[in-house]
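First, one chain by itself in structure tokens, the form predicted on its own.
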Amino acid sequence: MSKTVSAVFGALSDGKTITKYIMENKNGMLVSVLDYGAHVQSIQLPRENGGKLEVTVGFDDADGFEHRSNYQGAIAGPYANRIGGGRFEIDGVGYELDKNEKKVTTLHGCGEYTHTLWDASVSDDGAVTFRYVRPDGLHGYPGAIDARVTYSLGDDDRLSIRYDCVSDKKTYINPTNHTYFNLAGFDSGDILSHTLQLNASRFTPVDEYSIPTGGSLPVEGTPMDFTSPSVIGDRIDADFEQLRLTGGYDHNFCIDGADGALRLAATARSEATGVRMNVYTTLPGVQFYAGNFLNGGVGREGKPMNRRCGFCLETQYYPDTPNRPEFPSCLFDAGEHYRSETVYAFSGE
């Protein structure tokens, strides 16, 4: 159970106020979330010297989230990741979506969930629930979706994100959280010395637009193999077609044994600080993105967010699932609830 307080974070360019909700557990761990985009704004871990270690790469001002964002800490939806060609069909009816990436693909729901103010409520146990009801047809997506995202911080240093979404029309639902992590500290440089283990023996290969080409491939014998702890930087620039196409790691990994139960998907660790993060999820996939396209934009405390200064582990259904019947389906009937949970659990050595 955490104690939660709220404070004004800043204002959007239209004058609307952003509110920050700060959760603190008994250990002194702090997690701050915003009603704008339901962002994770900050995760601070207590250190033995009495200080705090900020392990997210992002912003400490409203302008950053509104105008300089690469989805740092955001909830992405209604469909996270990419949809090839910006189109899909449901029961023979075609839907054309806005194409916000290279005018070819639809990425992260065109930023809809990321760039809206959500309604917020705080429960007796300190959990914060954000709610947003999207209009039917916005950006081409069918269905008025009532989306709820609940953040809760346990005294075991576990940050849980629970999703509950329901639409008035049959539609695809696939939200995620897009926090960039650096377990050595947000201003410590790149994440190439971190170790990572993914409980995934297969991944979904992509084309030049980062759209899955169909099916999955084994990671064994390739630079995509993180089935045992591996240093991120050791093979990120290997002469391997999939890494050349995406400028480094930016791929969906198929979680072994995924069956809807909460299971361990990934473990990341900073050798510099000893901080470890386990990622658990009920979802079938996780996108490992190594921050290849960060370009030095101004972030927290005015520090540049340089290439590969943070990594993402975005739990999800696979990219372009609406156009890939061989992938696990995230098509939900009208009135049928999408529910999932992802947990980021922190520890030190």
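Computed from a predicted structure; not experimentally measured. In this text, residue numbers run from 1 along the sequence as written.
Missing here is the form predicted in complex with ligand BGC; even so, the following discussion is about that form.
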*Taking the partner as it appears in the model of the complex, which of 265-273, 159-167, 193-201, 172-180 has residues with heavy atoms within 4.5 Å of ligand BGC?*
172-180
*Of the residues Asp250, Asp146, Asp187, Asp225, which one places a heavy atom within 4.5 Å of ligand BGC in the model of the complex?*
Asp250
_Within 4.5 Å, heavy atoms only, which of Tyr71, Phe88, Trp118, Tyr151 is in contact with ligand BGC in the model of the complex?_
Tyr71
*Would Gln287 show up as a contact with ligand BGC in the model of the complex if we use heavy atoms at 4.5 Å?*
yes
*Using a 4.5 Å heavy atom cut-off, state whether His108 contacts ligand BGC in the model of the complex.*
yes
_Can you work out whether Asp35 and ligand BGC are in contact in the model of the complex, taking contact to mean some heavy atom pair no more than 4.5 Å apart?_
no
_Residue contact check: Arg134 to ligand BGC in the model of the complex, 4.5 Å heavy atom_ = no
_in the model of the complex, residues of 74-89 near ligand BGC [heavy atom within 4.5 Å]_ = Asn81, Arg82
